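Next comes just one chain, in structure tokens: the form predicted on its own.
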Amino acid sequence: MKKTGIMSAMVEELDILLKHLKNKKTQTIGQREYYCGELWGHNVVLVFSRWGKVAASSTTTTLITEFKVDEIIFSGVAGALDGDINIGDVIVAENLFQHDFDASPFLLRHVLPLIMKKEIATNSRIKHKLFDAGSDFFNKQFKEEISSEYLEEFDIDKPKILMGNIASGDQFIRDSKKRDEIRQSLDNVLAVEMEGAAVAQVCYEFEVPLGVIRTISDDANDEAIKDFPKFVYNVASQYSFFIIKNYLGHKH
């Protein structure tokens, strides 16, 4: 049976999935808890990635080398870089960039040594299945599963799912100047976060298929939402849960 590694950038996302994990077995490696079992008939390994590129890379490597996963799904939140993207929207990653990587003058800015490319693509099959899973969630489950109280509080109206590029770096972007600088240096990047591109590089090097989903939690400026933990638990984590559930419900 195919084994899927599911990495959550937020503990809240992991906790919701763990409630549905059957035949759970726990293993501790590198100060991380890896939870093996079954979700909706699929063999999975769940883990909290921890924050930042180094932590996420270490977690990804362990999933691949110790647990022999056949694919990885990574979920979390992100800041919007595009003015047409709103809090509560979802981005399925096409390509991932490290916006803070710069080996110039030896290489052009953002180009990764040896790999010799700026971007790393996610797996085509997985990204389309995630997009379909997210579309099903918004079309069939969203109104029933997400409380109108939280939608009103966070001003979420008619959220959408998009497929596009995401930038990663070891910074929580909360400054408009830094946000604009990232937008100018990398074309067609829709969102920014702290782990995805590092996970993508490890998966690329080990030839393990990857899919990434990110729920938009803020505008990557100094006007972040007031109650971030409440948003993560009551909105973003619910999004991830149902999208992953729908994804695993699709035949591979």
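We number the residues from 1 along the sequence you see. Just so it is clear, the structure is predicted and the values come from calculations on it, not from any experiment.
Absent from the display: the form predicted together with ligand SAH. The rest refers to it.
A heavy atom within 4.5 Å of ligand SAH in the model of the complex is found for one listed residue only; from F67, W51, Y35, F206, this is W51. With the partner omitted here, the residue from Q171, N123, S176, S135 that has a non-hydrogen atom within 4.5 angstroms of ligand SAH in the model of the complex is Q171. Heavy atoms within 4.5 Å of ligand SAH in the model of the complex belong, among the stretches 37-45, 198-206, 211-219, 23-31, to residues of 211-219.
In the model of the complex, ligand SAH lies farther than 4.5 Å from every heavy atom of P159.
L63 falls outside the set of residues with a heavy atom inside 4.5 Å of ligand SAH in the model of the complex. The closest heavy atom approach of A236 to ligand SAH in the model of the complex falls outside 4.5 Å. Interface membership of V77, defined by any non-hydrogen atom within 4.5 Å of ligand SAH in the model of the complex, is confirmed. Residues are counted as partner-facing when one of their heavy atoms sits within 4.5 Å of ligand SAH in the model of the complex; in 1-40 these are A9, M10, in sequence order.
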